[in-house]
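In structure tokens, one chain follows: the form predicted on its own.
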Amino acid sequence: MAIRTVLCDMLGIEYPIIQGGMAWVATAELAAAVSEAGGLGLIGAGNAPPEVVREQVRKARELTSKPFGVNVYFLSPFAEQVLNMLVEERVPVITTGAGNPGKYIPKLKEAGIKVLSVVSSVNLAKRLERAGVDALVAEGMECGGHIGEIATFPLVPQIVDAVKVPVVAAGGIFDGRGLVAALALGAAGVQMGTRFVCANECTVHPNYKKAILDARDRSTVVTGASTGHPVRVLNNKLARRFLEVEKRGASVAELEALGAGALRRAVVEGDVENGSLMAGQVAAMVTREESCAEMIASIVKTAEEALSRVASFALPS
């Protein structure tokens, strides 16, 4: 039973599965491995300067001939420079977050680049559709990292009903059951992040992977709500400190200082107590490390099984 949607045709991929463009985590190695396995791999630009991102793009091209993309974070001081570089490099796909790519879309489309924007509300989805994006990633609050206020199940069908471009579901999706559920909600595919952190090809520190493998159903907490930019992370010493000072009424500047460099400490240095262990609520479902090829094959297999189960429930005519 083939699982192919309009998203596959748009992006030139085999399966409607996108790997999240996680800063510090989504490197060329991970992106290329996901693309080789039939999904769309993303490099996370984060706050990196353009030449660092360019190196990652060129490395990915050495590792795969299949389409891949780059996630551009609009709160980065280098966002515009990174976008200009991606046009020069003719990267096939970009995803955007934390901002409106509208003024760049004509230039991106002229370069043949598909633009997908991450949204967490219907109003933003409508605005970005008018701006000319090719598709939208409706991201529920179950995801890791920066989150919105609406859960995936209520968010996705509302956005699907509000726009005409394809919608990708993200947040709280781990396997083929989540993929089938997303398709049932009207999405054209899914974006997944947390599971791919534990891919063999992911270069994060082993301590970070172990923290996800050890996670339970209530292991994540949301910090930074008072700043207007809440973040879902695994509960650790840093997260508890964040919650403590927020409760005390700490200023945004104090919270920003507390979080400075925290993601790098977790990803690169393996500091699982004082680093920011960004992970979604599905972290408890990740029980082993495996290759991206094994992950995607498993997602497709469990999706086919879920579809068969649903079909068996159909009443005879």
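Computed from a prediction, not measured in an experiment: that's the story for all the values here. Sequential numbering from 1, following the sequence displayed.
Keep in mind that the form predicted together with a small molecule is not shown, yet the notes after this line are about it.
Checking 208, 242, 73, 196 for any heavy atom within 4.5 Å of the small molecule in the predicted complex turns up a single hit: 73. Checking 105, 183, 141, 124 against the small molecule in the predicted complex, a heavy atom within 4.5 Å turns up for just one residue: 124. Annotated contacts: 41, 93 and 114 are all free of the small molecule in the predicted complex [non-hydrogen atom within 4.5 angstroms]. Partner contact region in the predicted complex: 115-123, out of 80-88, 150-158, 115-123, 208-216, criterion any non-hydrogen atom within 4.5 Å of the small molecule. Remark: residue 278 counts among the residues lining the small molecule in the predicted complex, judged by a heavy atom distance of 4.5 Å or less. The closest heavy atom approach of residue 56 to the small molecule in the predicted complex falls outside 4.5 Å.
Within 4.5 Å of some heavy atom of the small molecule in the predicted complex lies at least one heavy atom of residue 98.
Heavy atoms of residue 178 never reach within 4.5 Å of the small molecule in the predicted complex, leaving it off the interface.
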